[in-house]
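In the form predicted on its own, a lone chain appears below as structure tokens.
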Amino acid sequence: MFCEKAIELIRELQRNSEGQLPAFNEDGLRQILQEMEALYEQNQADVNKAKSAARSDLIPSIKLRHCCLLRNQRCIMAYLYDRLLRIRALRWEYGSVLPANVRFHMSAEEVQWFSQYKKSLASFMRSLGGGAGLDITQDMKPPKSLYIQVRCLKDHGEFEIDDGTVILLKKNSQHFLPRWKCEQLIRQGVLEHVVS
């Protein structure tokens, strides 16, 4: 049946939750493109027959195949656009360095797009704040306090805060740190916010 592979591609995205990025389905895309190529060639042959022999009985099948081509095209565009939206959201969630398990699910073109998006966002952030720059990815939710209690989930090494104090982040150690300095480490899974 026409367009089944394209619909399966969309369902694959729906099966994954909003924050997850499924593996890039290159085989599925290739099969859809092959189906589109076959539909296009059939249409070209039927259009030539309809023109040369004045066969109007071929027009409904030509229209059907053309609608299938358009539907496959829309499904592919929706699949790729949804993946880009998820990758863009991952930049805001994880920061400029994605975990290896997330990068593994991306195609080479998506990795390149992520790199360009990361550079564009960094350039924009440098232009804010009167030339001094402003990190707009830090406070995703308004903070209730400027300092928070955090627990270190894994050894991270030395961590310097604004006043020059160097803190050694060892596994299971707890610290009272400025929120904005440790939000990125919380998102990366190095620190955990301790709610008292």
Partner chain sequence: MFVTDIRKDFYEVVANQRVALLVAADIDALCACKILQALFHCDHVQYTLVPVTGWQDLCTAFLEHKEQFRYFVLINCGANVDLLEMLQPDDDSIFFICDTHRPVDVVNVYNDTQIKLLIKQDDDLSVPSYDDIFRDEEDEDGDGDDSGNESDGGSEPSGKRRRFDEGAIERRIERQRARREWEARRREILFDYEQYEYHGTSAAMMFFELAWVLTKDTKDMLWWAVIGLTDQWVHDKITHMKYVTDIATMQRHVSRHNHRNEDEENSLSIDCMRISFEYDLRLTLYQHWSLYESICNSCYTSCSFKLWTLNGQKKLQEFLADMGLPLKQVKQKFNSMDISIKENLRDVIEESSNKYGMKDIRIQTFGVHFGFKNRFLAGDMVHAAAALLESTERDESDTTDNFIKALDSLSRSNIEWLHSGIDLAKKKLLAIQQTVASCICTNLILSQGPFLYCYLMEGTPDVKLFSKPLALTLLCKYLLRAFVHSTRNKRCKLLPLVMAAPKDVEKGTAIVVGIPPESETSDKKNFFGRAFEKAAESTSSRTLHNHFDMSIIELKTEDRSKFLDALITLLS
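Rigid core: the largest C-alpha set superposing within 1.5 Å between the two forms. Positions refer to the first chain, counted from 1. Everything numeric in this text was worked out from a predicted model, so none of it was measured.
Quick note: we don't show the form predicted together with the partner chain, though the next part is all about it.
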Exercise for the section: Answer with one of 63, 30, 170, 51: the residue that has a non-hydrogen atom within 4.5 Å of the partner chain in the model of the complex. Expected result: 170
Fill in the blank from the handout: Answer key: of 146, 59, 136, 70, within 4.5 Å of the partner chain in the model of the complex (heavy atoms) is 146
Exercise for the section: Name the stretch: of 22-30, 38-46, 51-59, 160-168, exactly one has residues whose heavy atoms fall within 4.5 Å of the partner chain in the model of the complex. Expected result: 160-168
Handout entry: Non-hydrogen atom contact residue 177 with the partner chain in the model of the complex at 4.5 angstroms
Key = yes
Exercise for the section: Would you check, heavy atoms only and a 4.5 Å threshold, whether residue 154 touches the partner chain in the model of the complex? Expected result: no
Exercise for the section: Spell out whether the Cα of residue 177 moves at least 2 Å between this form and the one not shown when the two forms are superposed on their rigid core. Expected result: yes
Problem - C-alpha of residue 168 off by 2 Å or more between this form and the one not shown on rigid core - result: yes
Fill in the blank from the handout: Evidently the Cα separation of residue 96 and residue 172 changes by 3 Å or more in the model of the complex, so the atoms lie farther
